[in-house]
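One protein chain, two forms: both are listed below as structure tokens, the first as structure 1 and the second as structure 2.
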Structure 1
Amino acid sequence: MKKLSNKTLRKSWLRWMCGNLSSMSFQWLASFGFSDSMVPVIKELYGGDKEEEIKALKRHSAFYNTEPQIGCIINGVTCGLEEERANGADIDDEVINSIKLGLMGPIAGIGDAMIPGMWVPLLLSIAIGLAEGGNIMGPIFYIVTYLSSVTLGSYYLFFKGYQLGTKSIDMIVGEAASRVREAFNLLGAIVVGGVGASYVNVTTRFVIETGDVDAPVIANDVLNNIFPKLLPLIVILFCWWLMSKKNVSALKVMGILIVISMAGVAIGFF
């Protein structure tokens, strides 16, 4: 009976973590990173049978795309499926690819909400606070915390997926997983909102002259009394509208903000 060694599984995990997005195209996305990560597994299970090795590489070169860190669980599940297939289980190419395709969407929903939607903004908000005044602990904190957390988390999920095999499918695509995705989406929105309120600062110099020279109406103070942080909220919603509704890239949004800022300063509004 063929059994994948821990050494081979670690090699597969490491190759995925180091190369998951190294060969990207709109046609294939992360498929070649996935197939490369399966090379150690294929060699151990089908070593010497060139025909089976070629078939395995071809089936793992199909279109694939998910969030890489949380998505490690799919790599582990696939390793388990390949092991079962090599031991004579009735698992063909279609079964393996169908399971991969069926899992990559739900995992992307969970992973995108957790990593770029919640974890990265949370770590950055802490790092920005530490970096105020030029403290080098800010970037060091972010680099160390992010790399250690995603490395340990992905390693655990990879081996958990391998151990559970197809049993993990119900856990990932079931009703409980749907509630988890909704919870992380909500938490991510709260975190991003908190980061925006803390670090986006927009004020106006606009002043309304009144009959009393010593008591002009300062627009910024009036706005903050009515709705604190109203201008930063408007800027955040404007950027969200450009990127989500008009498909404007982040680089172009930054350019638009620079132009608006220069125009506002020129007319005395900012």
Structure 2
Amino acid sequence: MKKLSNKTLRKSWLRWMCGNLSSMSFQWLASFGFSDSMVPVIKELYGGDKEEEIKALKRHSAFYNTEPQIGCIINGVTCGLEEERANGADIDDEVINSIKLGLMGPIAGIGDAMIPGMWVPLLLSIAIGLAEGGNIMGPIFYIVTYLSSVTLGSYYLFFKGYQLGTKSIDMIVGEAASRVREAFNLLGAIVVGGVGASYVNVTTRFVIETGDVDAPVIANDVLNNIFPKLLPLIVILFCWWLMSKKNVSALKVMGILIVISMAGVAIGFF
């Protein structure tokens, strides 16, 4: 009965955390980060049997991409599967690959929504408040809270994935999980709304002359009286519409914004 030692599992976690994107390219992204993180596991389970070692390495060099920090749970699950396989369970390459591929999508979605979408902007917003006037508490707060929460969280997820094994697949793509994801999406959407209202800044200099020199109509005030921060909201919804309805890439949307700001300044709107 082969059993992965805690030391090996810790090594695998650390290799993944550090090296997940080390050799990233358009074609492969985190593939070799994944295969490299499996090296200590493969050595312990199949050490000596070169043929099995090569087969295992190949198994883990398929295309792979997910949110790496939350994604630690997939690495844990895979370590568990490899252990079962080495003990003679009927798990072929196909099974392991389809589990990895099946999990990386949902985890990438929820991970991007949670880490850069929610946790980073939330901590940064607090840190920006603390940093007022150049106070060093701001950056220090962010460094301490982000590093400790994410490092501990991913370590926990990795070992949770390993312990639960295939049961955690239910945890990630099962019925309860889809409700949890839906709840996180809801929370994410609300927080992102706050980020948009706080940090997107669009104002117009446009002024309508009324003949009365002392009381021109300032367009920006009129718009803000209709709905506060109406212009930023319009810009956000415009970008969202372009990306989700017209399938325009983020890079092209930026190009469009550059054109809009150039034209807007030229006609005196901004």
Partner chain sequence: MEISLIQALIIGLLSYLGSLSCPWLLGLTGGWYTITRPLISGFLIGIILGDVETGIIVGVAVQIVFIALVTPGGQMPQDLNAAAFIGVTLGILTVKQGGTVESAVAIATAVGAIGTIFHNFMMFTNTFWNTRAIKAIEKGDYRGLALNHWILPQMVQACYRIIPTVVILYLGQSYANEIIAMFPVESYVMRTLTALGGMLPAVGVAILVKQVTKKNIDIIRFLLGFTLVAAIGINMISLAIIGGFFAYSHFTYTATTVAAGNASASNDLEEEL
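Residue positions are counted from 1 along structure 1's sequence. The structure displayed is predicted, hence computed values, not measured ones. Each form is matched to the other, and the largest set of C-alpha atoms that superpose within 1.5 Å is called the rigid core.
Here the chain coming from the form predicted together with the partner chain is structure 2, while structure 1 comes from the other form.
Superposition of the core reveals a Cα shift of less than 2 Å for Cys18 between structures 1 and 2. Relative to the superposed rigid core, the position of the CA of Ile99 differs between structures 1 and 2 by less than 2 Å. Core-superposed comparison between structures 1 and 2: the C-alpha position of Asn87 differs by less than 2 Å. Fit the two forms on the rigid core and the C-alpha of Lys229 turns out 3.2 Å off between structures 1 and 2.
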